[in-house]
Every structure is written in structure tokens, then in C-alpha cells.
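What follows is one chain in C-alpha cells, specifically the form predicted on its own.
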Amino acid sequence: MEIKAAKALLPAGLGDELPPRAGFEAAVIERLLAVFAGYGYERVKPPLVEFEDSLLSGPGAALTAQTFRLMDPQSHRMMGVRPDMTGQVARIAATRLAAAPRPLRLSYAGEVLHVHGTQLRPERQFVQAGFELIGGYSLEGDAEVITVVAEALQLVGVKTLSLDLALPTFVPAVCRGLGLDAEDAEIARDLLDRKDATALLRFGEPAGSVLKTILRAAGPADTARARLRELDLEGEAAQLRNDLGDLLVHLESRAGHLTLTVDPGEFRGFEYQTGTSFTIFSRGVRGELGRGGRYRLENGEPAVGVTIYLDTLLRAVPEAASGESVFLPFGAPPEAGHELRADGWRTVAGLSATDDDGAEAERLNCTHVLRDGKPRELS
């Protein structure tokens, strides 16, 4: 028994997926990908491991500390196990599909591995699914990504969806407009992210008032929009604010079922993104369902995409019943099984004769047993 227990022990944050959950997860992934495909997003399948100089460039650079590394015994170059798939899709778009027409729509699903878990996500290995819209900048593109992912999540069974929008480059742009140096701008960004209103007093006027207005703007979309309009902004900061307002108008007309909130001072988790970004939640579900937003490929090409975390999503989706299955007693003609499977049944064949086919069917968790050529429900 001790030997068996030792063999079953897995590293922290890693685990086996057993029936029926493993099958349920696979079914949810396929349903998500079917929605993405319906909007023209074609699936790609990058490798689990690749050279670290490509894996950790562009969007992947933000996850360097979460990447397992190993030496390739053939090339003697360092490789990394992917901690995220967005960077890999960006690499494919910029290299293998560089000549493909833009905008380029790509989807993906696969396992990722992190060096460390977090308090909200102790798992170190989990599945991501998502899609990327690459090439060209437009608010229509941002709105498409958000409405498609919202539709996909609802179709797999998520009851309530809320979207928390962020502007990770907004505060740095505002600080440049206020004339703050790089050190003060970084302090301001950190204080806003931590919601420390008292500490913002250190900046005096007019910077202190502007930064406090940004802090007070966090909340429902209408409140955020009204308070951000109070700011006298120019250049990049004004453009980011206006883009956010236009996107909210798009979403309110096309995805009115979404609860929209805005936090213009948030940036953690969006380090590589360059425009409006978002986090998806569901009421009563621990953790975020997904994250997305606008960024640039390493070659400078603009893109917008979203990643869904399956471990969180499965907590938000009611698990489907395993379905009806028919026990085929030992010696049942193969044609009977073919016909039942063609009609949508799941069949479980007996591999040896038994005294009580009904009891054997029940032991194997079947709902029916084949009798006289027809599936008969177990009493």
C-alpha cells in the first residue's frame, strides 16, 4: 500500500483528471473552439516546448519567471515549457503566417505549465483556450473579441458574466502629460493599482487631483466614463480615454447582457498590453475566467485576443450528466452495438459471461442493458 501511495504522489500543483471530469473538460473545449471557428478563427497547434529565445520574446517576456527551462540534448540550446500560449500564436502569425491576409484570426487550446501557483490558482498545470485577431487596429476588432468570447462562455453554460476593463498604458501617459519623472510615474502607478488614496497626496497639485480622479473612476462603466471626462487630457492619454468610451458604447449596443466595470489604474497582469484590456468574471465563481486585450507582436504588428482558463471555467459551468449507456452482454452481435452507437448511445461490452446481466450493467454504471435486441432501462 505504501508503494502504491508513493507512486500516486504528484508534484504540488499537478494532478490527474479522472472520469467524468476529463471528458467534460474536453467537451467544453471543443464547444468553445466551435464558437471561435464559427467566427472565422482557425485553429493552430504550437509545440509544448520551444527554444526560450522565441518563447520568451514579445508577449512571452512577461512570463519569464513562470517558465520551466531545460537543455535540448540535440542542439544544446535552452528550451522552455510554455507558460502561456498567446506568445506562441504571436510567433506563428509573425513568421509562418507572415504572408497570410490580415486581419488574421487564429484560435488555440492546450496545456500550459507554471513554475509557481498562486493563492487563487494553486494549480501549476492547466488548460488554456483562446483566440487572437492579428493585424490592423480598430475598436470593431476589440468589440468582436469581447462579444465572441462572451457568446462562447454563455453557450457552454456560464450564467452571469462581468467584464472588468483596464487601461494599462493610461496612467503612464497621464504622468507624462503631468511632467512626472519616470520614478514618480512608477510610484503613482503602483499607488493607483493598490488603491492608496492617502499616499497620492504626496504629488501635490495638479497631479494629486488628477490621480485621485483616476482612482475614483474605478467602478461601474457609467461612473468611470463620467469621471474620466472630468480630466483635461491631451495626446495619448486623451486618445486612450476616448477609445475606452467608444468601446463601451459598442459593447452596450452589442453585448448588453454583460456587466461592465472599469478600473483605469489597474495594470498588474497586463504588463505586455498596449491598449484597452479586460478580465472576465462570473458571479460566485472563484478566480478569473479569462483575460484579454490589445498588444503588439514583436515585429510591431497590432493584435487583440483573449485567453480562457479552463480550471476556472469548469467551476462556473454545471457539469453535464454522463449520459445514457447500454451494457452489451457477452456474445451480443456486433451489429447491435453498431446500430446503438449510430443512434447516439454509449455502449459498454461485457468481456465474459455473467449470471446476471442486469447486475453487471449496474456495476459498470450503465443505465440500460441490451435484451431481445433492444436497450432496456434498469429498474
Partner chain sequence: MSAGSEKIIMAVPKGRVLGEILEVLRAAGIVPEPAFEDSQSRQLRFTTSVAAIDLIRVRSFDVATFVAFGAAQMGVAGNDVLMEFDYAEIYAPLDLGIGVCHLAVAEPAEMVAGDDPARWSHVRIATKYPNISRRHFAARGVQAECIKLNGAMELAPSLGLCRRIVDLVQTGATLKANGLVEVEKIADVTSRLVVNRAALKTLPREVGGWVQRFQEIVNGAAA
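Everything numeric here is computed off the predicted structure, so don't read it as measured data. Residue numbers count along the first chain shown, from 1.
There is another form of this protein, the form predicted together with the partner chain, and it is not shown here; the text below is about that form.
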Can you pick the stretch from 262 to 270, 299 to 307, 177 to 185, 88 to 96 whose heavy atoms fall within 4.5 Å of the partner chain in the predicted complex?
262 to 270
Identify, from the list G235, G204, G256, P220, the residue with a heavy atom within 4.5 Å of the partner chain in the predicted complex.
P220
Using a 4.5 Å cut on heavy atoms, which of R124, R291, R241, R294 is close to the partner chain in the predicted complex?
R291
Contact of D164 with the partner chain in the predicted complex (heavy atom, 4.5 Å)
yes
Do M78 and the partner chain come within 4.5 Å of each other in the predicted complex, heavy atoms counted?
no
Using the partner position in the predicted complex, report whether D196 sits within 4.5 Å of the partner chain, counting heavy atoms only.
yes
Would T169 count as a contact of the partner chain in the predicted complex, using a 4.5 angstroms cut-off between non-hydrogen atoms?
no
